[in-house]
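Only one chain comes next, encoded as structure tokens, the form predicted alone.
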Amino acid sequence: MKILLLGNGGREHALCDALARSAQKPDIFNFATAINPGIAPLVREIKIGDICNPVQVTTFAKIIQPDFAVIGPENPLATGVTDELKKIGIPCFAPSKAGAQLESSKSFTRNLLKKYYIDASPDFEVFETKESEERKKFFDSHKGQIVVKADGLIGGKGVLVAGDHFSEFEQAESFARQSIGKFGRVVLEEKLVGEEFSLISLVDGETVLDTPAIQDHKRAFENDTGPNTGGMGCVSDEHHSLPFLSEKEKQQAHQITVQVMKALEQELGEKYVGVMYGGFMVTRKGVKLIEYNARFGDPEALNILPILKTDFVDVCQKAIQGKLSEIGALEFEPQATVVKYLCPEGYPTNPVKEKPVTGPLRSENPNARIFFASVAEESGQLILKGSRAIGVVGLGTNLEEANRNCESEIQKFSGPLFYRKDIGTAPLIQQRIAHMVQIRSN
């Protein structure tokens, strides 16, 4: 069994670890932009190149002849790497370029839900003109409480939210014009009020298998302050849910994904295979869709994959074959997870780079895991490369224990690093619960 894995971040380290645990004992080949010190010991070979270049990827794939490929990041999906691999007979646990529009085009997804009568969107409009009058009307009709979404991939920085990123129309309009100039469109949406959660599902076009519900923490600093990041950490409780989330609300999110998966087949004439990562919000009007991603989240993958009991290689194979129903349901260890990312000082606006940090390559604690992201091993040292560096996972019988294990592991690292200490703590979790009590009472 040979598997080609694309990517070299923290998500891909977690994917590689899950693949390597398989009873099938696969040979894993990593096509990457850099050597990840956590992935290197788990794979047979690492090939450095441009993961978004279909020619480079398929050239390597022709040499190794993998049984299938797993694509970690979103950019190779958007450039059609999946399609080119399929042309040379290599199936992928990943959607086609057309299917990946679910993430790469906000307007595609909103219009898809509208066309197929899937009631999960806020009020929205898609604009293609640089004239601002109609956008001003939309802004005023919602009293400025809107969200501006670029209609393409901008590394997690393509969304501006009223109150967080702008207060005046001119600020929102400046970003809207940038999006139109770059992508030809911009999406304006009503700002939703509630609590966000992620429900990542593995799908084959017929069956939807959910992973634990998770809450990501995007803001850089404690108490949800500072600029947005790719995600400073995530939590999921021992029930594979969140303390503020009901089972009914999880099922609402599941049903939205089922409907969208079916709508994609009707719209594109092909089944969607791979990951449908739904970002949802519980509002006073029920569960609403914020956005979809077409791959595992980072850091969400770090919560999910370490506690996955079902053989991940089997899951990928069944999804590719259209036989996910044979899996039944995904099995997970009955544990809570807390993930915190160690980041270089100054991240995300002015991060330090090329500075050494010290710490273990693997955890000796059975209730902790370490995943490497934007960090390299040079002359026996770990060197920061400027983005989120090291994802530390704590496991436990509840969130309190998981947080203690995470913090204990973090103390083994030193260097110009910082992280959000409040993720997974009782005060922040209670704040989320109180917010949802208020939302539901309204």
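Numbers follow the displayed sequence, beginning with 1. Since the model is a prediction, treat every value here as computed from it, not as a measurement.
The following text describes the form predicted together with a small molecule, which does not appear among the structures shown.
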4.5 angstroms heavy atom contact with the small molecule in the model of the complex for E195: no
Contact of K106 with the small molecule in the model of the complex (heavy atom, 4.5 Å): yes
K130, heavy atom within 4.5 angstroms of the small molecule in the model of the complex: no
Contact flag, K340 vs the small molecule in the model of the complex, heavy atom cut 4.5 Å: no
Partner-proximal stretch of 249-257, 324-332, 146-154, 262-270 relative to the small molecule in the model of the complex, 4.5 angstroms, heavy atom: 146-154
Selected contact from D210, E190, E173, E206, since only one has a non-hydrogen atom within 4.5 angstroms of the small molecule in the model of the complex: E190
The unique member of P348, G359, P122, P91 whose heavy atoms fall within 4.5 Å of the small molecule in the model of the complex: P122
